[in-house]
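What follows is a single chain, given as structure tokens, in the form predicted on its own.
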Amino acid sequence: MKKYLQLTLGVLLLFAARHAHAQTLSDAIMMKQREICFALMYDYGTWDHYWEGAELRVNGNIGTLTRKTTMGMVAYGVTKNLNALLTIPYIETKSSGGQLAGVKGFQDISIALKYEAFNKKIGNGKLLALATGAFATPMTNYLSDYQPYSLGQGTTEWTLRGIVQYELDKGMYVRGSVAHLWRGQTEIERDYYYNNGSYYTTYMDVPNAWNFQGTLGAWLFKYSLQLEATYFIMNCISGDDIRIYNAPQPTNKVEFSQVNLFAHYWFQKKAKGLGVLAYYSHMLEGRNMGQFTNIGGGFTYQFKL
């Protein structure tokens, strides 16, 4: 059977709900002290082409792969400069062809801290600099070596991210971020595998990765509507390619570039504190994974304790 690799946790985090006060690990938004925001979102992703190494191809045995993600997130303002975030995704996978069944269940819980180190008025806007540290680990004992249906990579992950944003007084802004992801090992249900050489073990090393994001955004209608366009890059720094007539595995070197369009509206008077969001994303180039197209939406609700 031919092969594919899932979206990593970095992509899932990109899809998490955003708000004027709710936040993700890669934006420049901070909750005020003692403010809390709950977010619930749903993501629907599909692909019928995948990259085997750098070659884009199809596989009739799989047909179209569907990956559904329901994600809950909580953000809390510990201080005015320090926020804590908790993210929990529930995932379901299936395909339109072949004999293999999809799976469903909780993936990886993520706990993060975001710190605003710099916020200063410069010219006709303000410059912000932030840092985020995150830790993720599997919530369940899912099988990571069951691509492309597996829920995730089945390993712990540490992330350190730097964020810089410049926002004009009239509401337009540009933001860039860079992150490094340190990953551990995942346990598999076989005692031999090939990764540019033979390995007689039940453990695989999951490659570390770099993530780069560039965003152009704006606040409209008295800061009740937020619009963003983001260019997203993920590159593993090691790993092997999917081999011809072999299944993918967690050791593969995954690379992709992606565009993401995002909109979020929150209510100012009636149902104050409630927000709604929607987004669309598409992968442009990749290596050792499916060419995903995703649509999604969700709700946020914010209040002060």
Partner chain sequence: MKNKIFKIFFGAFFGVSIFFSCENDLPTRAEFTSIDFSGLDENGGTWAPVLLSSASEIVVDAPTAVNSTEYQAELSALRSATQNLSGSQVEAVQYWTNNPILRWNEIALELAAKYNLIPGPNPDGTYTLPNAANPAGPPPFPFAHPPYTCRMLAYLSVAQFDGLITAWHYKYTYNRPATYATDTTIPYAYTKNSLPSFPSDGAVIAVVSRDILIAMFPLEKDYLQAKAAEHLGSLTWSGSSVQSDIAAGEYIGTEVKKIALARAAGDGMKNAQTPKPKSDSIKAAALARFGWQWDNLESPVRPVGLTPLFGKVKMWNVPTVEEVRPVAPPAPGSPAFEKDAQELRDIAKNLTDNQRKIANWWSDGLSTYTPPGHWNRLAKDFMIKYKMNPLRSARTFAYMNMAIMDAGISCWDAKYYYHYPRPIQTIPGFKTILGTPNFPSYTSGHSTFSAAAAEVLAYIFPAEATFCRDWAQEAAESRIYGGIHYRFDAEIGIDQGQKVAQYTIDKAKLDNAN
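Positions refer to the first chain, counted from 1. It should be emphasised that the depicted structure is a prediction, and the values quoted were computed from it without experimental measurement.
One more form of this protein should be noted, the form predicted in complex with the partner chain, which is absent from this view; the next part is about it.
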Can you confirm whether S198, Y203 and I244, the three residues that make up this candidate site, all sit within 4.5 Å of the partner chain in the model of the complex, judged by heavy atoms?
yes
Here the chain appears without its partner; judged in the model of the complex, the stretch of 79-87, 213-221, 149-157, 226-234 with heavy atoms within 4.5 Å of the partner chain is 149-157
Report task. With heavy atoms only and a cut-off of 4.5 Å, decide whether G123 touches the partner chain in the model of the complex. Result -> no
Quiz prompt | Distance check, S257 to the partner chain in the model of the complex, heavy atom within 4.5 Å | solution = no
Counting only non-hydrogen atoms and a 4.5 angstroms cut-off, does G105 reach the partner chain in the model of the complex?
no
*asked:* Given that the partner chain is not shown alongside this chain, does N61 nevertheless sit within 4.5 Å of it in the model of the complex, heavy atom to heavy atom?
replied: yes
In this chain shown alone, the residue from L143, M172, L113, I109 with a heavy atom within 4.5 Å of the partner chain in the model of the complex is L143
Checked 67-100 against the partner chain in the model of the complex; residues with a heavy atom within 4.5 Å, sequence order, are S95, G98, Q99, L100
